[in-house]
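The chain below stands alone and is given in structure tokens; this is the form predicted on its own.
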Amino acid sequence: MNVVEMRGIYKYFSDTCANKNVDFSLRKGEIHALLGENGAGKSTLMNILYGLYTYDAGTITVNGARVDMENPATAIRHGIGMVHQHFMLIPQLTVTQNIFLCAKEAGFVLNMPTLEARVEEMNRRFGFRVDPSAFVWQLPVGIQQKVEILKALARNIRILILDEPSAVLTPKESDELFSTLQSLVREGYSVILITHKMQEVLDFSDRVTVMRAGEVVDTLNVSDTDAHALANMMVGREVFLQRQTKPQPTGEPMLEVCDLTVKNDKKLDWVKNISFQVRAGEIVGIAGVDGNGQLELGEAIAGGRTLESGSIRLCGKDITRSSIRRRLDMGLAHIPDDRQKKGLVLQFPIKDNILLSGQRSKQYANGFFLNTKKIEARTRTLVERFDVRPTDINLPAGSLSGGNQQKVILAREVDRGGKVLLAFQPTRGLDIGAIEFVRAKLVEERAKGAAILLISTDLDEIRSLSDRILVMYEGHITGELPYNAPLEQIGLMIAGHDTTTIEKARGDVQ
């Protein structure tokens, strides 16, 4: 039985058709994946179902009754809840206050003991372990997501929409999330999973609808398809994510880190006496689980975090105490770990974001005045070269999909012509087509002689791009491996096993 039917849905934003004649259905007790590239129209379609967007044509039926989905309150009344990619929680309030805020059944004055008891009861029912009295700002992101799910379940929803739910989760948190979703499905709930991660679809979904450029390509039983077929449907062509780097001679050390120690935000030593080099024409990958000092290492190199001790040399010159501006001028390019908070000014148009940090360049400025024509001409060239969509350079960066936002950052940093590129989680949260594009551009820069430091928690990415792999655990570099080292060996090292233990274990097995 279909609990949701969407037929012939159209949605326009000005002259852009975001959804074109879309049909979508959801059955009771299934996980139905909505798969597609960033900008394919997945989130737009679900925002329509949840009442956040009005639609221009089509019909929506919920449990057999036609519904005019005017707003989220209408969706909730019909048993539909949505957990957004960027959580809608108030950090200064407790878990219980967030869950029951604006809920009619909570009354005008919140009876906290009663409501906390209800949260505990939901914890037991759904297998969560969320402290009802904890403040949201104290919680890791995986627990915050569970709070969002509890907030929806507390409103008696039976249909749950999840928008890119694992984009900010660790592998362990992702496993816990999908275990929870499977439990909900066993109780008769229905789940719509918006994603671009192929493995999530294959491992956890019952059916999958693939969207491309605002239209439905096909709806399939997951058991009847595979990753290769789904990737081709998403992108509309063959996709290649295999290793594309070929051996090449390297040059002089362009980035030198010596005995680096850096504190985290809690004033604890989080990077501990690290030393390494990156030479011209190579990609060095830093592998490790999030939280082992990679963030602090990247920020220290970029100039956003003060060093406790040690030194950093860029292109043979000491930059240990240099400003961010000085580092950029000396040849450092930087793809930050958070494109929205650190890489872009979302309210600014694309052309201004391309210009960021280059406004003093003689290429774009005449004394105190910017040369608008030159800026716009260069931006259009880069938008075309880096396949940024839409191509309107006056659109705010915040209106772009995640993949296109990342392309804007990549275009700006590559165009700067830096000799050293710090690439921090360059494909996190991107769809398969954008991942392929970004990785190919990094390989191109390597071939041109750039020294690239790649910091990523994606082991497949580390192995497919790196010439050498440095494993990071609890603030230390625990070993160096070739790119073709066995995945098992890398996995053991990022879990804290030293190379001696690994070799001994291999010997015992043999």
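Between two forms, the rigid core is the largest collection of C-alphas that superpose within 1.5 Å. From a predicted model like this one, the values you see are computed outputs, not experimental measurements. Start at 1 and count along the sequence shown; that's the residue number.
One more form of this protein should be noted, the form predicted together with a small molecule, which is absent from this view; the next part is about it.
A.B. asks: Choose from 65-73, 38-46, 463-471, 478-486 the stretch whose residues reach within 4.5 Å of the small molecule in the model of the complex, heavy atoms counted.
C.D. replies: Heavy atoms within 4.5 Å of the small molecule in the model of the complex occur in 38-46.
A.B. asks: Using heavy atoms and a 4.5 Å limit, would one call Tyr10 a contact residue for the small molecule in the model of the complex?
C.D. replies: Contact check for Tyr10: no, nothing within 4.5 Å of the small molecule in the model of the complex.
A.B. asks: Does any heavy atom of Tyr50 come within 4.5 Å of a heavy atom of the small molecule in the model of the complex?
C.D. replies: Contact with the small molecule, no.
A.B. asks: So in the model of the complex, does any heavy atom of Met493 sit within 4.5 Å of the small molecule?
C.D. replies: Because no heavy atom of Met493 falls inside 4.5 Å of the small molecule in the model of the complex, the answer is no.
A.B. asks: If you check in the model of the complex, is Ala18 within 4.5 Å of the small molecule, heavy atoms only?
C.D. replies: Flag for Ala18 set to yes.
A.B. asks: I want to check Arg279: does it shift between the shown form and the other one by 2 Å or more at the Cα, with the core superposed?
C.D. replies: It does not, since the Arg279 C-alpha is displaced less than 2 Å between the shown form and the other one after the core fit.
A.B. asks: For Ala451, decide whether the Cα shift between the shown form and the other one is 2 Å or greater, given a superposition on the rigid core.
C.D. replies: Shift at Ala451: below 2 Å after core fit.
A.B. asks: For Tyr473, decide whether the Cα shift between the shown form and the other one is 2 Å or greater, given a superposition on the rigid core.
C.D. replies: False for Tyr473: its C-alpha shift is below 2 Å.
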